[in-house]
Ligand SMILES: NC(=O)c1ccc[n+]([C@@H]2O[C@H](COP(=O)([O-])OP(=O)(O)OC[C@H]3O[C@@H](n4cnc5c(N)ncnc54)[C@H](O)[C@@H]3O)[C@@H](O)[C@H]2O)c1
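First, one chain by itself in structure tokens, the form predicted alone.
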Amino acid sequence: MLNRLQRQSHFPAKGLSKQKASSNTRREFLKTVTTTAVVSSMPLIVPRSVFGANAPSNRINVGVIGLGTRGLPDMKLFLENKDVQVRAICDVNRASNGYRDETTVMGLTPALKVANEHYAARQRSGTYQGVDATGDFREIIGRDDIDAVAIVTPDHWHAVMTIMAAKAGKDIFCQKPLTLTIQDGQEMIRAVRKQQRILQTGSQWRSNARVRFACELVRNGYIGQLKTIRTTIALNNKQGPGPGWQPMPVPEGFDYPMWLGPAPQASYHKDRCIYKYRFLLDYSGGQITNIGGHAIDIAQLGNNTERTGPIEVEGMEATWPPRGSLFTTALTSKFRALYANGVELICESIPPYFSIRFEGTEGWVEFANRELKTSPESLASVELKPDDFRLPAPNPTRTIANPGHFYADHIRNFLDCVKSREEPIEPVEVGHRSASICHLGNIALKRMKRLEWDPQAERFVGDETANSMLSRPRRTDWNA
């Protein structure tokens, strides 16, 4: 396949030998998982005829890294594509609850069972080798038979894994928010472009037909001149321990040193990891990067500023956990950004999930709770003219009345681009810019002042304290 012919592997990265990073805990974990994989896989082998026109030579071999709240559903979507073979999966957690749904068990072992059962159901004769499982993502990135990886991990891992995957010649599907810091995004862009890789950011809402139509109305001037974009994001959906919290023992089957990776050394607590990591600034940016990663991405799409950013950002309101709490991201927030075209973006914590309203001189269009609303109401039934601007559609059969499974379309767009080498719906530069505005918002809320931003240089003007917050140090073993 084209991807394999183009690959130039540079694995392993300097300073990242398996021997150096291994530990007795990880070795025992990998031993257990490998045993599980072998037992689960016997005695099946999928014959070439099972896949029909999608012969093994034409399939995209995928490795999935991260199998939790979003990772397991992502893996299932990759499995649904008959020209995809999920060959290997990775997670540092063997199995546990504690994800978004506290009663649901996720992790490596449950995901392995799902994948093997999926392929077993597709075969009619012969035996099936099974999907390989590991607790060390480098064992997937280092394989010559893997074409693409899905990175569905906490945000603090995105840059390191993406850069290593690009150097190893893999195409990349990376969940939103694409980055932990603005510097992360700059480094990811350089690596992906230097190695000529395909990267799709996992901001699936831009593949929704209703979102696309709303943005097309705005960009074609149906609401007049765009003046204001109002985005809302959900309140925190988890609570962490307050001041005086105490470390906890690391549970069996969880490779905590590998989970921390490039992040600062920290004592284990169950509320630091799994889903709740997003409420600690060492690993994420709270609901601003989590839900705002969707809302602001759509705002960028409608404003036609996908490859740039604002010229000004201002922190307006914020509440924070008490000093000494485990969680460190804002509980509630409100910030504004101003673009060079005069458009003002406002992002505010208002339940339930997220919404985007584009306000113009002649009307407005809003996407909220999966529904499209307009003023005047007639805008909702506008038929775009042949010469109107159209956004690329991953699945042209979708309509605002029936948007279908747009997330499946988003992943399908990535797979099509792996084959065609064309740009996906949300390439690395676009994902970087959407995440950047979330980071700028968090920095402005910390500074609680108006900051001038140079979107070309990607630096604050005249505020070195704010500029020092554009990056985070990584532990030296994980400098990709």
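What you are looking at is a predicted structure, and each value in this text was computed from that prediction instead of being measured. Heads up: residue numbers just count along the shown sequence, starting at 1.
We do not show the form predicted together with this ligand, though everything after this point is about it.
Contact check for Gly285, His439 and Met469: none of the three has a heavy atom within 4.5 Å of this ligand in the predicted bound form.
When you look in the predicted bound form, the only residue of Thr231, Gln300, Thr153, Gln85 with a non-hydrogen atom within 4.5 Å of this ligand is Thr153. For the options Phe335, Phe254, Trp364, Phe327, the residue carrying a heavy atom within 4.5 angstroms of this ligand in the predicted bound form is Phe254. For the chain shown alone, Val92 is a contact residue for this ligand in the predicted bound form, at least one non-hydrogen atom being within 4.5 angstroms. Looking at Ala435, you'd find every heavy atom of it more than 4.5 angstroms from this ligand in the predicted bound form. At a distance threshold of 4.5 angstroms between non-hydrogen atoms, Tyr339 is out of contact with this ligand in the predicted bound form. Within 4.5 Å of any heavy atom of this ligand in the predicted bound form lies no heavy atom of Tyr119. Heavy atoms within 4.5 Å of this ligand in the predicted bound form are found in one stretch of 412 to 420, 62 to 70, 440 to 448, 427 to 435, which is 62 to 70.
Using a 4.5 Å cut-off on any heavy atom, the residues of 266 to 283 that reach this ligand in the predicted bound form are, in sequence order, Cys273, Ile274, Tyr275, Tyr277, Arg278.
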